[in-house]
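Before any questions on binding or motion, here is one chain by itself as structure tokens, the form predicted on its own.
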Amino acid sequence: MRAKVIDRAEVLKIVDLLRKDYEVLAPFCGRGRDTFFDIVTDENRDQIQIHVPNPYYPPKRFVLPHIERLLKIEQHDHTLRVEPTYDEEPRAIFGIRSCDVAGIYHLDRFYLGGKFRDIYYEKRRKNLFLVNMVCTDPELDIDEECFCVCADTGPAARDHFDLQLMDLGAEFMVVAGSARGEALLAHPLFKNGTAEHLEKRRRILEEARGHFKKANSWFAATIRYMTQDRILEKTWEEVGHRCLECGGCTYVCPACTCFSVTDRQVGPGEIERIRLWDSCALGGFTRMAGGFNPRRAVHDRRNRRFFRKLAHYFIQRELSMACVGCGRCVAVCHGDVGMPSVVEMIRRATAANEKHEPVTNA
């Protein structure tokens, strides 16, 4: 990957370059902690935030919308006309965090990595340009909930982006991660870097890693316990007792893939088929057509969520763990059953149950 540098005062000119070919989405600040991605316009361009707390609503919605129309069915006289709806708008996400880059890569593996490819996802994804922002500001970029260093996704993404920006102080380092990124990097706006820039990058990254408070997690042990089916039922029951079944953890997760499909009438003789995000936390997720629910108990649905994210079978199939360490589930969960808490609960309970005490010969 080739790297160049750009003066700090010039960094938003990257947005201007992208706007020539893409609809650009960038992070903005609302009131208090509220942050969000929005379309860049002439009016709000100067309000783009370089360093900002990670928006709770994940930018995966720009490649997998919360609600999207798949097709339209129209009836005229005795004939039916079925018309698929594709979104091929070129979009660029400026300032996407490394954890969310990893989340989109996981969606790539799920929707495009198997025998069957999702054409709706594919058309959006091929027209998406990602500008990753490395998290280096301990006051704005790094929340107490963040644990990307544990999930090995940050603070700097190593791949699956088009451009990557890193704040070096007076300058930003710009790294190209794709052919499209290389083409943009050829613009005279960017200058050649030096060995000093690379050394400064290494030093800043090392310092940034030390600011993550949830760096000590037990993923390796939990994956082993999960894969070997050694987790105690009482552990899942405790998780279920805490869960409020709000679905928040799944709706803010960059790596969750579940959806439902339904048809609805939108006019006389016109029906549309839509896809919308679904949540394994909700009781209706496993309810069958006859009304029977094989996973009625809350803890029985909770264990499926964590099995799906941490069992070795799925990691091997999709080449990545379905958790990117963004910390959103920690921030939105009222019952404290976000990923780090559950991982530690599993590790402690299982290790205590299997503890081997030494014996002496009588």
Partner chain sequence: MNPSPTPNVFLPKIAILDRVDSEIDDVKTFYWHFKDPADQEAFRVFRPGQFAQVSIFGVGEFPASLPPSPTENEYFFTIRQVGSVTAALHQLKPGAVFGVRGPYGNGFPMEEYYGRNLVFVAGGIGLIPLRSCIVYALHFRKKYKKIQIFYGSRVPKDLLYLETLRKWQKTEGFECHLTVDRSTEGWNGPVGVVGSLFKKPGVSVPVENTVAFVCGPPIMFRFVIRDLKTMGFEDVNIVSTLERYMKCGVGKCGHCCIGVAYVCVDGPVFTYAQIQKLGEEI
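Numbering follows the first chain given and starts at 1. Keep in mind that this is a model prediction, so the values were computed, not measured.
The same protein also exists as the form predicted in complex with its partner chain; that form is not shown, yet it is the one meant from here on.
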Contact label in the predicted complex: Asp118 to its partner chain, heavy atom within 4.5 Å: yes
Ala195, heavy atom within 4.5 angstroms of its partner chain in the predicted complex: no
Is there a non-hydrogen atom of Cys258 within 4.5 angstroms of a non-hydrogen atom of its partner chain in the predicted complex? yes
Arg125, heavy atom within 4.5 angstroms of its partner chain in the predicted complex: yes
Work out which of the listed stretches, 261-269, 134-142, 202-210, 147-155, brings a heavy atom within 4.5 angstroms of its partner chain in the predicted complex. 261-269
Checked Asp87, Glu245, Asp278, Glu238 for heavy atoms within 4.5 Å of its partner chain in the predicted complex; positive is Asp278
From Phe110, Tyr225, Phe172, Phe129: within 4.5 Å of its partner chain in the predicted complex by heavy atoms is Phe110
Check all three, Ala289, Arg308 and Arg317, heavy atom within 4.5 Å of its partner chain in the predicted complex: yes
Along 131-149, which positions have a non-hydrogen atom within 4.5 Å of its partner chain in the predicted complex? none
